[in-house]
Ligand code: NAP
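A single chain comes next, written as structure tokens; it is the form predicted alone.
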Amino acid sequence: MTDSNPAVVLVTGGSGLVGKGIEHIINTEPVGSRFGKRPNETWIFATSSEADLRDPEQTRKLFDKYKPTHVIHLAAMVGGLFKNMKYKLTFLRDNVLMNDNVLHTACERKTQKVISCLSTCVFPDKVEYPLDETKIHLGPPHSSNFGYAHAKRLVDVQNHAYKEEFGCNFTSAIPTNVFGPHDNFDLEGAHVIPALIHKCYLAKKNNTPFIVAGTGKPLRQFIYSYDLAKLFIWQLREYDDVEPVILSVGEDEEVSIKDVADAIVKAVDFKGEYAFDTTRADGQFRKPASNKKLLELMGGFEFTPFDQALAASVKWFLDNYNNARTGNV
């Protein structure tokens, strides 16, 4: 992206956790700074109410309406561990359709660049850690989310094929577990941090025990949505290779689910009974990912400390409870 040519950046899934994070950074960082808006840029944050990207015709109409020069493709059918286990075919099919329509339309409309958002679940279940960008296709993904994982893994295959056949500048980002303001706190489909924040809030409100599913021992790398937003903006402007980049804190920053729950109890100021239901599934124990490639390309990056980011996320949830995505409680 050069400063001289006008750019229209279309963000699909614009009302989701990462889309809202990018919107926040674009609107709050100084204009012209590394992560701020450029004077010649227009940013469009599209939502599913504007176009169902599973439908090729609606996808084409969205592109024709905004004529994007650049796309950050975040729209996806997503959910936590238990939802992934339950709806494997839906997750596979809906995501394959969305990704295929976006990439095909971007190619047809000569879009200059597309970054698609993958997930660390694309990696093989049995693989040597830490995960890095070269290991995506070394074996099958974990059985708990193979539908979603294969759909996302296919994007990497498509990116390479589009580049080889048509010269398209398509690439992808692989974030680790994301959390922050505007997360999905619906207990049926939420990921671990928003689900635990919501459960702890309800336990405090109803004076009931706060019960965490599993042993609390699994380890995860969590990235704050506002940090991830900056990394997406960097990738859009400064990275032009087809190979994906892991967007993550370092592998030395793994946090246990128990540490997460402890931090939430503190942030919510919960004083009641708090325990782990060890009869529930833990999922994968750990899947550390290396951010070495990212930091070498960027020249370093200041991540928000976990406790600080978590406290900000809890505060956002408490302040916006009536408008947050909480499902039907």
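Every value quoted in this text rests on a predicted model; they were computed, and no experiment measured them. Note that residue numbering begins at 1 and tracks the sequence as displayed.
One more form of this protein, predicted in complex with the named molecule, exists but is not displayed; see below.
Discussion item. Looking at Val178, Cys168, Val255, Leu236 here, can you tell me which has any non-hydrogen atom within 4.5 angstroms of the named molecule in the predicted complex?
Written reply: Partner contact (heavy atom, 4.5 Å) among the options: Val178.
Worksheet entry | Listed residue that, although the named molecule is not shown, lies within 4.5 Å of it in the predicted complex (heavy atoms), from Asp262, Glu41, Glu29, Asp52 | Flagged contact: Asp52.
Worksheet item: Heavy atoms within 4.5 Å of the named molecule in the predicted complex: does Asn101 have any?
Response: Close contact is absent here: in the predicted complex, Asn101 is far from the named molecule, nothing within 4.5 Å, heavy atoms only.
Worksheet entry | Partner proximity in the predicted complex: Ala76 to the named molecule, non-hydrogen atom cutoff 4.5 Å | The answer is yes: Ala76 has a heavy atom within 4.5 Å of the named molecule.
Worksheet item: Would Asn320 count as touching the named molecule in the predicted complex under a 4.5 Å heavy atom rule?
Response: Output for Asn320 is no: heavy atoms all beyond 4.5 Å of the named molecule.
Discussion item. Can you tell me whether Leu118 touches the named molecule? I mean in the predicted complex, with a 4.5 angstroms heavy atom cut-off.
Written reply: Because a heavy atom of Leu118 falls inside 4.5 Å of the named molecule in the predicted complex, the answer is yes.
Worksheet item: the named molecule isn't shown here, but in the predicted complex, which of 154-162, 104-112, 201-209, 118-126 has heavy atoms within 4.5 Å of it?
Response: Of the stretches listed, the one contacting the partner is 118-126.
Worksheet item: Has each of Ser15, Val18 and Ser48 got a heavy atom lying within 4.5 angstroms of the named molecule in the predicted complex?
Response: Yes, the whole trio is in contact, each within 4.5 Å by some heavy atom.
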